[in-house]
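Single chain ahead, by itself, as structure tokens, in the form predicted alone.
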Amino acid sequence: MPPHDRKADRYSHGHHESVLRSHLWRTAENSAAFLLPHLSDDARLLDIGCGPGNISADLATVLAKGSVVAIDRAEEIIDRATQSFPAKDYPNLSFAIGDTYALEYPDHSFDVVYAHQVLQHLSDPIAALKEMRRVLASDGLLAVRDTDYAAFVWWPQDPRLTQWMEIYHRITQANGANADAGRQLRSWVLQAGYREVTASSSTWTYADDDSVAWWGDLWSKRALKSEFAIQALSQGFATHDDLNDISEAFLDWSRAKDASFIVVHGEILARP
């Protein structure tokens, strides 16, 4: 397949420590529950956009007689994942640098393709889904899950957090990406030619003291240090004062006795 000739997709979050802290919290249970009941322990699974590899490692444990190949385009993240989950401890798990649009695997190489919070960052998610379909076995299973930022809800309300959401949407739109991917997954998957498409949804809910403090702290830092901040400033979507206000808003939110934050996800299981 020829190289993807669209503009280079830019990851709207980057890999600052505050972002990785969020990624490292993810598990197969909280990020792939919609897929787990459908896995056989001898399946060959491709994890696209694996990040630091913790979900990949969980899936490798589930697939005790199978295998997991986990790819990401960021070399430094693949290096970190390889060190965190070495082959001696996870013999059926391997990591590699990979391009979602041009997977370096033969047709029908995998029984399952899993992509978590990937499609929302792509300029051409349908092209990526077609490439995933190519590497799936004829009776294989696609499993994709993406957030839907416009569906996020939180309490207490704060105009500074409303501004954060507006800025985030402007950044992703400038990147040719779609922050509200969760609601469009079914449409994209159908356009990519899949069949037996089953849609579901789930949330991450932060509404206890520990999770509220954790979520507020990491987003207060992401507002100042991550790619979100870099892109907001460089593209003129926010000033330093705006970002400081947003950072403080997340801390203020986290101190509220009745705080809650619900992150909505769309999910799809489909056959090629």
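The shown structure was predicted, so the numbers you read here are calculated from the model rather than taken from an experiment. In this text, residue numbers run from 1 along the sequence as written.
The same protein also exists as the form predicted together with a small molecule; that form is not shown, yet it is the one meant from here on.
Test of understanding: in the model of the complex, would R73 fall inside 4.5 Å of the small molecule by heavy atoms?
Yes, R73 sits close enough to the small molecule in the model of the complex that at least one of its heavy atoms falls within 4.5 Å.
Though only this chain appears here, would A223 touch the small molecule in the model of the complex if you measure heavy atom gaps against 4.5 Å?
Answer no; every heavy atom of A223 is more than 4.5 Å from the small molecule in the model of the complex.
Give a yes/no on whether G140 approaches the small molecule to within 4.5 Å in the model of the complex, heavy atoms considered.
G140: no contact with the small molecule in the model of the complex.
Is there a heavy atom of D180 no more than 4.5 Å from a heavy atom of the small molecule in the model of the complex?
Flag for D180 set to no.
Three residues, R160, S247 and I262; all within 4.5 Å of the small molecule in the model of the complex via heavy atoms?
No, none of the three is in contact.
Okay, which stretch from 150-158, 195-203, 94-102, 180-188 lines the small molecule in the model of the complex, with non-hydrogen atoms inside 4.5 Å?
Single hit among the candidates: 94-102.
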